[in-house]
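Given next, in structure tokens, is a single chain: the form predicted alone.
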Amino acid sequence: MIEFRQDRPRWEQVADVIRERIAAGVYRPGSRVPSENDLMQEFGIARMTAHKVMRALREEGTIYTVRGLGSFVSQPSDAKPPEDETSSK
């Protein structure tokens, strides 16, 4: 468990930890991130706090959720799909 600062909401601090883990490669694009229950156990937070973490990460596009499967790291935004060779130049 981390030691929470008193001057920032806990959900923001936990979201920062998840972002840092994604940036460090702990959670790679397409891999599953911890569930709300996992966050509750690891960080000692309430379900509503864990829900806010997941919602914030989803809204900013860091993760996406598939009903019945879990939440996963999104592909980096700077990754572009390959261009079709038949497209006009």
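All residue numbers refer to positions in the sequence shown, first residue = 1. Note that this is a predicted model, so its numbers are computed, not measured.
The form predicted in complex with the DNA is left out here; the points below concern that form.
Asks: Within a 4.5 Å heavy atom cut-off, is residue 74 in contact with the DNA in the model of the complex?
Replies: Taking the distances in the model of the complex, the answer for residue 74 is no, it never comes within 4.5 Å of the DNA.
Asks: Although the DNA is absent from this view, report whether residue 45 comes within 4.5 Å of it in the model of the complex, heavy atoms only.
Replies: Residue 45: yes, in contact with the DNA in the model of the complex.
Asks: Please check if residue 23 has a heavy atom lying within 4.5 Å of any heavy atom of the DNA in the model of the complex.
Replies: Heavy-atom contact with the DNA at 4.5 Å: absent for residue 23.
Asks: Considering only heavy atoms, tell me if residue 62 and the DNA come within 4.5 Å of each other in the model of the complex.
Replies: No, no contact at 4.5 Å.
Asks: Who in 49 to 63 is close to the DNA in the model of the complex, meaning a heavy atom within 4.5 Å?
Replies: Counting only heavy atoms within 4.5 Å of the DNA in the model of the complex, the contacting residues of 49 to 63 are 49, 51, 52, 58.
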